[in-house]
Each structure stands twice: as structure tokens, then as C-alpha cells.
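Coming up is one lone chain in C-alpha cells, specifically the form predicted on its own.
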Amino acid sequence: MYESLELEQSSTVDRAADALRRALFGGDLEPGTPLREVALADSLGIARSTVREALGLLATEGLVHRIPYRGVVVAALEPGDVHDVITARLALEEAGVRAWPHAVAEAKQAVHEAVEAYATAARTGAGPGPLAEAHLAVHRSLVGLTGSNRLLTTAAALNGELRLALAGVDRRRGNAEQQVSQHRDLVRVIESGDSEAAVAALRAHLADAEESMRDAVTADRAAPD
């Protein structure tokens, strides 16, 4: 009896977290927005303790931050944070790109599978959240070429910080299939075996991503409350 009650509560927490993710990625809750437990509980028709647990899940994903004396707010990057994260990503992904010639077949296959999953998400009209996750999975797969689980863990943490900003970019652009095409082109250059050309293509790709995300973050910060 007690186990079933615990499972039911867990399911409620998961559903609440999913509802909040949809609002975050859909742009209904802008970066920096305070998340009040009582108001959310009333809106979702659930207990305040359930909201608190759901927010805890989102905090572990980097989607919300707990700030002393302010409570929980939607995660917000500063423009300078975007540059810092992209710089770190470049170091990780460049290592993966250079490792391509010596990477195991499974790691190379994972890159192709990630691109195809991204293409499917774009083609089927996945929402901003799933689309951003599929997009970032392509970049994690590049890091996977190194064969280092520690580098993959670091990449996952960095990408967590970018999920909301990237979802905002995807909403503004509305050109997911074009983005997929650009990733296919990048992978073709990587497959060519010309490491320097591949690194140059990766740097150009991430420079464009940084500019788009910095613009999105700046626009979010300038938006009226």
C-alpha cells in the first residue's frame, strides 16, 4: 500500500515537472521569472510540496536556480556566460572532432544517429524543449568521439545551461530543418578526415551559435516584466 502511494506521488511530481518544462521551453516563463510555490500549486491544482519537489528536479537540470532571499527563478544566462560556455564547448567538441580518425565505430555511429534523431524532431514539429535537446545531443555525440566519459559529463553540464537559451533561439528562428542541414554539412566535413577543415567548420558553427544565443539572451533581458 505504501509503495503504491509513493509511486503515485512520484508520478504527480513528474507530471508537474513536465508541465513546468513545457512552459519554460515554450517561452511562457521567461528567464529570471520568480516561481512562487503557492501560485504554481493553485495553477496546477496540486500540493505545494509537490511543486517544491518538481522545482527541485528542474534545479538539478539547470533550468531553474534557487537564490537566497528570492526563492526559485527561471535560469537566466548573462551574455558573458554564453561566451564562456561556448568557449568550453569548443574545447570539448574540438577534441572530439580531432579524434574522429581514431574513434571507435560505435562513437561514429552515435554521431549519425544523433543527427537523424535531430532531423526527426525537426520534421515532426517537436516542441522547443525536445528540439533543443536533440540539437544538443548532436554536439554531445561529437564529444563522445573522444571516448572519455568525464568529458561527456562535462559537456552534458554545459549543455544544461544552454537548453533554455537554445530553445529561445529555435523559437525565434523557426528554421529547424535548415539547422539540421547545417549539422549534416558539419558532420560531412568531419568525416572527410581533414581535421583542420573540420575544426574550422566547428569553430564557425559555434561562433554563429554564440551570436544567436547572445542575441536571444539580450532580448530576454530587455523584455518588459
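Quick caveat: nothing in here was measured; it's all calculated off a predicted structure. One-based numbering along the sequence shown.
The same protein also has a form predicted together with a further copy of the same chain, omitted here; what follows describes it.
- In the predicted bound form, no residue of the candidate spot (15, 123 and 133) has a heavy atom lying within 4.5 Å of a further copy of the same chain.
- Residue 92 is the only one of 74, 138, 92, 103 with a heavy atom lying within 4.5 Å of a further copy of the same chain in the predicted bound form.
- Of the heavy atoms in residue 158, some are within 4.5 Å of a further copy of the same chain in the predicted bound form.
- Contact annotation for residue 81: at least one heavy atom lies within 4.5 Å of a further copy of the same chain in the predicted bound form.
- Contact annotation: residue 66 falls within 4.5 Å of a further copy of the same chain in the predicted bound form, judged by heavy atom distances.
- In the predicted bound form, a further copy of the same chain lies within 4.5 Å of some heavy atom of residue 98.
- With contact defined as any non-hydrogen atom lying within 4.5 angstroms of a further copy of the same chain in the predicted bound form, the contacting residues in 134 to 151 are 146, 147, 148, 149, 150, 151, given in sequence order.
- Expansion of the residue 119-residue 62 CA spacing by 3 Å or more is recorded in the predicted bound form, set against this form.
- Pairwise change in the predicted bound form: residue 61 and residue 154 C-alpha atoms lie closer than in the shown form, at least 3 Å.
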